[in-house]
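This document opens with one chain alone, in structure tokens, the form predicted alone.
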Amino acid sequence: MIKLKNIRMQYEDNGTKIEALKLKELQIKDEKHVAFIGSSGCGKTTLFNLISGMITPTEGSVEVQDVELTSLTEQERDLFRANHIGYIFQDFNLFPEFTVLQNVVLPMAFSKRYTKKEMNELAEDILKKVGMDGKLNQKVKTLSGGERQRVAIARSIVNKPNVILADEPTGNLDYKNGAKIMELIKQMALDEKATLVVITHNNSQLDMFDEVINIEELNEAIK
């Protein structure tokens, strides 16, 4: 379960306080597939960064898998994220000079749960599931956009997360590849019995989700 309550997120820009997000309550049940929509700047990515523990709110509580993230240190939040949350970025956020296998192994090293042999075996297995097992030792910079997103998906789920966050995962892909990638993300979430939360501007994909939430209707800061 994901629970946010009495959230206020403020930033300071040249001495001026900017209210990025303000919401009373949000709950997402385990294993649900939820899409967030809304115009640019309405707080969607800020919300994802709060759920992942990358940032903490100015006020309020963020609870993921019965853990209150705002009570953890930055190092504890990093470890929690490595073990429980898979984050798929629109721009892939991969290391271009690293190989496909190295990129997927990396989050397992942070989780501190596996031996080197186990990490390689798990990474190879998950890359096979996303159709990238034939390019394990190829550098990411040589891959197509669709291939890079497959690697990013593999990296996000290799630690078997409870929650998968996907921030416009098909935004840099054409319609055909975008549809394939979204189907793949959904299938991986189903296989792992993970909660899937997606930011999308693609209205044609909305019927794939259990619930669609317009963040502009929740975010009191922009009203």
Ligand SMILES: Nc1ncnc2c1ncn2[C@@H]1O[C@H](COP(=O)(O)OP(=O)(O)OP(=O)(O)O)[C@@H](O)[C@H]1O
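Residue numbers run from 1 along the displayed sequence. Only the largest set of C-alpha atoms that superpose within 1.5 Å between the two forms is called the rigid core. The shown structure was predicted, so the numbers you read here are calculated from the model rather than taken from an experiment.
The same protein also exists as the form predicted together with the named molecule; that form is not shown, yet it is the one meant from here on.
- Query: Of E192, E31, E63, E168, which one comes within 4.5 Å of the named molecule in the predicted complex, counting heavy atoms only?
  - Reply: The residue in contact is E168.
- Could you tell me if G43 has a non-hydrogen atom within 4.5 Å of the named molecule in the predicted complex? Taking the distances in the predicted complex, the answer for G43 is yes, it comes within 4.5 Å of the named molecule.
- Message: Would you classify Q138 as touching the named molecule in the predicted complex, given a 4.5 Å non-hydrogen atom cut-off?
- Response: No, Q138 stays farther than 4.5 Å from the named molecule in the predicted complex.
- Query: Heavy atom to heavy atom, is A20 within 4.5 Å of the named molecule in the predicted complex?
  - Reply: Looking in the predicted complex, residue contacts with the named molecule include A20, since a heavy atom lies within 4.5 Å.
- Do N120 and the named molecule share at least one heavy atom pair within 4.5 Å in the predicted complex? The answer is no: N120 has no heavy atom within 4.5 Å of the named molecule.
- Task: Work out which of the listed stretches, 64 to 72, 23 to 31, 178 to 186, 43 to 51, brings a heavy atom within 4.5 angstroms of the named molecule in the predicted complex.
- Result: Looking at the partner contacts, the answer comes out as 43 to 51.
- Message: Need the contact residues for 201 to 215: heavy atom within 4.5 Å of the named molecule in the predicted complex, sequence order, or none if there are none.
- Response: Heavy-atom contacts to the named molecule in the predicted complex: only H201.
- Does superposing the core leave T16 with a CA shift of 2 Å or more between the shown form and the other one? Indeed, T16 is displaced by 2 Å or more.
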